[in-house]
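To begin, one chain is listed below as structure tokens, in the form predicted on its own.
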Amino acid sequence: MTVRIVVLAKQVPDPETPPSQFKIDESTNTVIPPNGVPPVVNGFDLNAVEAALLLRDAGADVEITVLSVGSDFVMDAMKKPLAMGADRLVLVDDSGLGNIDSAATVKVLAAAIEKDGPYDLILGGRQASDWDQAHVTLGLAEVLGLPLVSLVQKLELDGDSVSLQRVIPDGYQTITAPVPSVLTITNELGESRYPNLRGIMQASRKKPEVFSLADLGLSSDDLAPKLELRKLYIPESNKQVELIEGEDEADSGKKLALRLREEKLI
């Protein structure tokens, strides 16, 4: 029996973008895409793709679908999970999805999963590297009425259940969850594999399956934000540095201690 897995993936600005190229339009509270730096798939979501591929490597018969919601997708970026070994890429691509909040994203993902499913496992990264909120996968489990296990670092299929290791501050928990379930995969799973040339060539020949909001029975009115972003800005840095010099290390240390005492820091 084929186990159907859907992995949630988000297109995000490249986290390796130099800080000098990071700019914000404060009039619209949006990040200005840097010139010449293409977006990437959220790295934590690639951990989730890797988790699904490891199940296949262990001998499970799995079909892996990658699902993303947004607009202005860059195919060179979004096809990376296909190049890694995923079977399908499903995009909900609509101009009304360019700047929606987590609640609206959950609504669209739930509608897409209900249309394209059913799925046995829904996997997502622990968070997205752009906002770091970790809201979407948790909200999706609530909307779909499915069990949720977060911060999974290892998983094994066992019939109608899945055995999991969940990261906790002083080690890990061993948990058994039913199928279907929603899981967030943590980067403790390990690095995601690098696509090989064969995978890249195969991915180049695959076309994504694209849904619009209308295809899912949704409209822009259904995506009213639950959160209000009042201000987005780059914090100003006002650091002042005072160098303490002495004749040698001992003298410098003595002068530093005296200066700290003057400032009532010690």
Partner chain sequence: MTSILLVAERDEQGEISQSTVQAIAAANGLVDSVVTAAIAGEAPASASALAVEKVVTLSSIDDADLGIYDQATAEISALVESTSPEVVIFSKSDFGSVVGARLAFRSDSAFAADCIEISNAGDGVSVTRPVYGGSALAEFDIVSSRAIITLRAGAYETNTETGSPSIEAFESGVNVEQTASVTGTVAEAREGVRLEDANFVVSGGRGLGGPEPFSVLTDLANALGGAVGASRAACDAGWIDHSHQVGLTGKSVSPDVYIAVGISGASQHMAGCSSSRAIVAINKDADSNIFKEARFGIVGDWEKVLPSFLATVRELKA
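Residue numbers count along the first chain shown, from 1. The structure displayed is predicted, hence computed values, not measured ones.
The form predicted in complex with the partner chain exists for this protein as well; it is not shown, and the discussion that follows is about that form.
Proximity of Pro225 to the partner chain in the predicted complex falls within the 4.5 Å heavy atom cutoff. The partner chain is not drawn, but in the predicted complex it has no heavy atom within 4.5 Å of Asp72. Within 4.5 Å of any heavy atom of the partner chain in the predicted complex lies no heavy atom of Val37. At the 4.5 Å threshold, heavy atoms of Val149 reach the partner chain in the predicted complex. Only one of the listed residues (Val90, Ile113, Ala177, Leu157) places a non-hydrogen atom within 4.5 angstroms of the partner chain in the predicted complex, and that residue is Ala177. When you look in the predicted complex, the only residue of Leu229, Leu197, Ala58, Ala214 with a non-hydrogen atom within 4.5 Å of the partner chain is Leu229. No residue of the trio Arg4, Asp25 and Leu54 has any heavy atom within 4.5 Å of the partner chain in the predicted complex. With the partner left out here, the partner chain still marks one of 141-149, 77-85, 90-98, 114-122 in the predicted complex; by a 4.5 Å heavy atom cut-off that stretch is 141-149. Contacts to the partner chain in the predicted complex (heavy atom within 4.5 Å) from stretch 226-249: Lys226, Leu227, Glu228, Leu229, Arg230, Lys231, Leu232, Tyr233, Ile234, Pro235, Ser237, Lys239, Gln240, Val241, Glu242, Leu243, Ile244, Glu249.
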